[in-house]
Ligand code: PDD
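Let's start with one chain on its own, the form predicted alone, as structure tokens.
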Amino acid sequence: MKNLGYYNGKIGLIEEMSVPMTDRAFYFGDGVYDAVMCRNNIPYLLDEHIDRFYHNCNRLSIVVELSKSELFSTICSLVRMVEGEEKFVYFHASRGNALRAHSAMPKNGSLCIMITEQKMGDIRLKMNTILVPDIRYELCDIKTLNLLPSVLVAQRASIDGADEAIFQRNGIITEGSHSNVSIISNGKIITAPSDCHILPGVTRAHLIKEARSIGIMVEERPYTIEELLEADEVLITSSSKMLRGVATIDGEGVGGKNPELLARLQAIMMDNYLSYTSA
């Protein structure tokens, strides 16, 4: 298959699948999601993404009928049905199906999976970004389907010719519209703390782990716009981008002062990806 859609056990091409209008994802965005890259039919760090997925479902009292191991096996089986060496796997759970009512609590959630061919791309290519006010709410640590603020700023970034938008709250950097943002300053990594204003990214966690393993100090603390603009390097991490540097913010050049450390971290992260997904 060129792509694959899955909805509560039904499988087909994404463009041929349908979802009931009573699914609460349709009118409330009432659900959570996660996503992984896949190479050689091996989803990268799938167990960690599934752990975060179920944690978020539990926080919202969404019931997923499949167990963690069953979801893991289902995704691993489905990726083998799609053509291509590298693929992007998206999965979400809504609260389920019910007539529109804010207080409705269906017994079981609805599970949706989409798989498409997608290459990781060259992580050495730096990104252009814009800085925007963080207009989101106070539950950014939940990977919710409610992504309107992120969609709006991502659209603005695209119009401005940028690859990503970086959120700031009262002069403090939080994260990107669909990524985590960290900086290298004086040989150490500074990244926003895991609180309600950022998603605890799996790739971000691995960057922290790998940096510390080679003796690089990591500070998880709030940092300012000024620190961002003056950083030796600005880092973007996500499942689909792995680890990339930033070339510009609002059209002005940033980073470029410690390319050796950036390249070293990128090599470690990519080696882990290739090793994990070796057939």
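Numbers follow the displayed sequence, beginning with 1. Quantities reported herein were computed from a predicted structural model and do not represent experimental measurements.
Although it is not shown, the form predicted together with the ligand is what the next lines describe.
Put simply, Ser238 is close to the ligand in the model of the complex: some heavy atom of it is within 4.5 Å. Though the partner is left out of this view, His55 does not reach within 4.5 Å of the ligand in the model of the complex, counting heavy atoms only. With a 4.5 Å cutoff on heavy atoms, His178 counts as touching the ligand in the model of the complex. Residue contact with the ligand in the model of the complex: Ile75 places no heavy atom within 4.5 Å of it. Proximity to the ligand in the model of the complex, defined as a heavy atom within 4.5 Å, singles out one entry of Arg95, Lys87, Arg136, Lys126, which is Arg136. Checking Met114, Val202, Ala157, Ile190 for any heavy atom within 4.5 Å of the ligand in the model of the complex turns up a single hit: Val202. With the partner left out here, the ligand still marks one of 127-135, 76-84, 168-176, 103-111 in the model of the complex; by a 4.5 Å heavy atom cut-off that stretch is 168-176. In the model of the complex, the residues of 32-50 lying within 4.5 Å of the ligand by at least one heavy atom are, in order, Tyr33, His49.
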